[in-house]
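Have a look below at one chain only, the form predicted alone, in structure tokens format.
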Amino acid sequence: MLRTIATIITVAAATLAFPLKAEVIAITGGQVHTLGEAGVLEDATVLIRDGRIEAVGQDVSIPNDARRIDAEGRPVTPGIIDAHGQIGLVEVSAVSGSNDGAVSGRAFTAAFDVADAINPASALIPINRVEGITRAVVAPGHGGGGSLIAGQGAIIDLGNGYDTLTRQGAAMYASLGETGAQLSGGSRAAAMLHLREALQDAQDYQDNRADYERRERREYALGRLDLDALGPVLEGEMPLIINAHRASDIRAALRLATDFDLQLVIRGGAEAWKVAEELAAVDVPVLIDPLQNLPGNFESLGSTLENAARLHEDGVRFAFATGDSHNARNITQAAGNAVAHGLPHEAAMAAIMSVPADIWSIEDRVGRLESGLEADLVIWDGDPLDVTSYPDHVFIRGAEMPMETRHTRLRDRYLEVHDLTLPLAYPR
């Protein structure tokens, strides 16, 4: 057992040595999907220097010391951003010791910050990374007796090291609809009542902090840390992500955002297409699962595979998010299904690359292949949205990632067994 543990530690240490170094890389001859104003460039070059994109185009001058990678006409795209999930926060869903996604027993946990629990050594990170995901939004959950205000999410990169945090305190998460009702005594109205009470208390606390410190203010429903945590939400500096599916629940969230002048994002949105014009009018983006087709409960009776196409037609900003941390890698297949149901191909690409960067305000770092941005990019062996396509190369912050996971190691370990005189665990 001790030998096994030592082997695991040694392998982990070697794997976590982040290969950041000053390097010039020229990816030549690619079909470059910039996801920016330049559009798609055939036979183009992406030049990377010291972790950033230095130039993109068809007449880029390549330095003599550059390492060349010939894309041979294959697609080159920005890295995929998983707009909602729990990568690094949940390892085995059914094992509580490896699950740090939610806090139970309290109505409000606004101060709960997932960044303190993210595990950069999670086996899920390389599994999703080799399929093109380079950044992920890690969100607190509401399930299992969680909180109405669940806490703060973070954005991480899926690089091969410990310094993976892109942004701490990226958003505040709350829930309406059936989940909100379950956490508030059984009624949607109670969930909205509690949410408004929390925001009113936080606003009063912000306006009368000195009186609060002198114990000259009324009792609040939230503790001091939670009141402090809601300050950036009320100032419009931190988006409030509300989980809602039913059209009426989305409308309730829109009213709440108007009343408190909040920066709102809808997560779920199975019936978002029913309120598309209202969402577009106030530019509230939606995080949707493009594969949500069947009504799993009464709040998602309007689920349809055409949700994305209809939102696109009405001018709503949306990003794709499966919410499945273990298989977030399937998001390209989900986006391909949205294309099969009416969404333009480039809009589907944008929904997993540039739009989530815009929604999460990291467009000045990633999401497009443009000069000055961090070099998160992928070279594919075919159409990225085709179920049979896979990445050949993945770069995060300019570092080329190993295309190895626990899955591939197990495959290689047992692919060929020559010595059958010993149990399968021993021959090597």
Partner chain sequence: MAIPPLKNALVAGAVGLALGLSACGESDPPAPDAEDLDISVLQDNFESTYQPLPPEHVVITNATILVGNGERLDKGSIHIRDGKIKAIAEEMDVPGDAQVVDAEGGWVTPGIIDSHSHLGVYPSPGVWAHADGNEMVSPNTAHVSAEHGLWPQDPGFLRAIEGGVTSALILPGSANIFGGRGVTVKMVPGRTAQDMKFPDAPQTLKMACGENPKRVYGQGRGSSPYTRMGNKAEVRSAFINAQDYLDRWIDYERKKAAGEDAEAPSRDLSLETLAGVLNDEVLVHNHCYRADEMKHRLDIAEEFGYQITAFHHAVESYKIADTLAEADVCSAMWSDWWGFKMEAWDGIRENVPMVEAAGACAVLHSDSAQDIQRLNQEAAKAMAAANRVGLDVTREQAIGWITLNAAKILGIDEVTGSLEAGKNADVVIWDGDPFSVYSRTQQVYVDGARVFDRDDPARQGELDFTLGMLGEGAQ
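Residue numbers count along the first chain shown, from 1. Just so we're clear, the structure is a prediction, and the values are computed from it rather than from any experiment.
We do not show the form predicted in complex with the partner chain, though everything after this point is about it.
The partner chain is not drawn, but in the predicted complex it has no heavy atom within 4.5 Å of Glu278. At the 4.5 Å threshold, heavy atoms of Ala94 reach the partner chain in the predicted complex. For the chain shown alone, Ser303 is a contact residue for the partner chain in the predicted complex, at least one non-hydrogen atom being within 4.5 angstroms. In the predicted complex, at least one heavy atom of Ile127 sits within 4.5 Å of a heavy atom of the partner chain.
For the options Asn330, Gln203, Thr258, Ser104, the one in contact with the partner chain in the predicted complex, meaning a heavy atom within 4.5 Å, is Asn330. Taking Leu385, Leu47, Ala375, Val32 one by one, only a single residue has any non-hydrogen atom within 4.5 Å of the partner chain in the predicted complex, and it is Leu385. Considering the partner chain in the predicted complex, the lone stretch of 106-114, 353-361, 236-244, 321-329 in range is 321-329 [heavy atom distance within 4.5 Å]. Contact residues in stretch 329-351 (any heavy atom within 4.5 Å of the partner chain, taken in the predicted complex) are Arg329, Asn330, Gln333, Gly336, Asn337, Val339, Ala340, His341, His345.
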